[in-house]
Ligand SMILES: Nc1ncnc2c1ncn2[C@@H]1O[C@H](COP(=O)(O)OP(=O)(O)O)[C@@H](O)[C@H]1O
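The chain below stands alone and is given in structure tokens; this is the form predicted alone.
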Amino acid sequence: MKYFLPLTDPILEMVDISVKLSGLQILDSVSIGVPQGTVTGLIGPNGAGKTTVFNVISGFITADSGYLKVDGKKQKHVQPHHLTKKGIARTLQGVGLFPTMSALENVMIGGSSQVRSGIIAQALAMPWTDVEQNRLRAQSMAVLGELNIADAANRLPGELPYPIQKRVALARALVSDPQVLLLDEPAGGISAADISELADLIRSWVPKRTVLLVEHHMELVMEVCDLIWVLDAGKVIAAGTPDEVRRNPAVLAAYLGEDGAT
């Protein structure tokens, strides 16, 4: 069964996306839409294909069939290094920080595509090099400040508690000021208090930003999402508002479980 919901202003769409890897059908004609200015959830058990959806959007995996639309425009070949230029940023499962770089330097990497200065420009001491680097540094510090971790700017990731590392990774995604933010299990490994703060933070971004959220913590998903898509074995098996998904017997049986934590 395919789900076609009446979406208003979808900023991101996957249409009949199929992916087969090593002979296994990972995604099977998946069509999902992300309305602009909302928080949309993507849930399902391990192996359902959620991260593969993110990898297709990010250009790390090329779909065997189907296509992606960003802001109404069909995308031919998405390249990971061009993602921020399309107004999209992504966090990774875990943190994915460079251990020998400071928190500030890790965040600056997220905005590097906005800087014209490269190796040649730096070698020739082009006049815009320092100006742009200083602008990016200030912008990165501002985002760290917004996430209340400015005091971690000059520390290495390994010196920081895991919840702070998660915020640094989030700052790296935010520094490019994306229209669409892909959050891959942002609540993983953090406390209930940190999850509560994360929920407030996510809701504060809309409607300026659009969020697509992959998450196993059902309380967070149900609290922050306007729309939820449910995957099982690479297929969309349910979609709707949190209340609609919560009442869906198939979803309750297959994903929420008795404790609501899967």
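Predicted model, so just to flag it, every value in this text is computed and none were measured. Start at 1 with the first residue shown and count on from there.
Note that the form predicted in complex with this ligand isn't included here; everything after this is about it.
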Against this ligand in the predicted complex, would Thr51 count as a contact residue? Criterion: heavy atoms within 4.5 Å.
yes
Does Asn46 reach this ligand in the predicted complex, with heavy atoms at most 4.5 Å apart?
yes
Against this ligand in the predicted complex, would Ser191 count as a contact residue? Criterion: heavy atoms within 4.5 Å.
no
Taking this ligand as it sits in the predicted complex, is Leu21 near enough to touch it, meaning that at least one heavy atom pair lies within 4.5 angstroms?
yes
Using heavy atoms only and a 4.5 Å cut-off, determine which of Val221, Ile237, Ala63, Ile26 is in contact with this ligand in the predicted complex.
Ile26
Let me know the one among Gln133, Asn148, Gln93, Gln79 whose heavy atoms come within 4.5 Å of this ligand in the predicted complex, would you?
Gln93
Tell me which of 221 to 229, 197 to 205, 51 to 59, 30 to 38 has residues with heavy atoms within 4.5 angstroms of this ligand in the predicted complex?
51 to 59
Can you tell me which residues in 185 to 210 come within 4.5 angstroms of this ligand in the predicted complex, by heavy atoms?
none
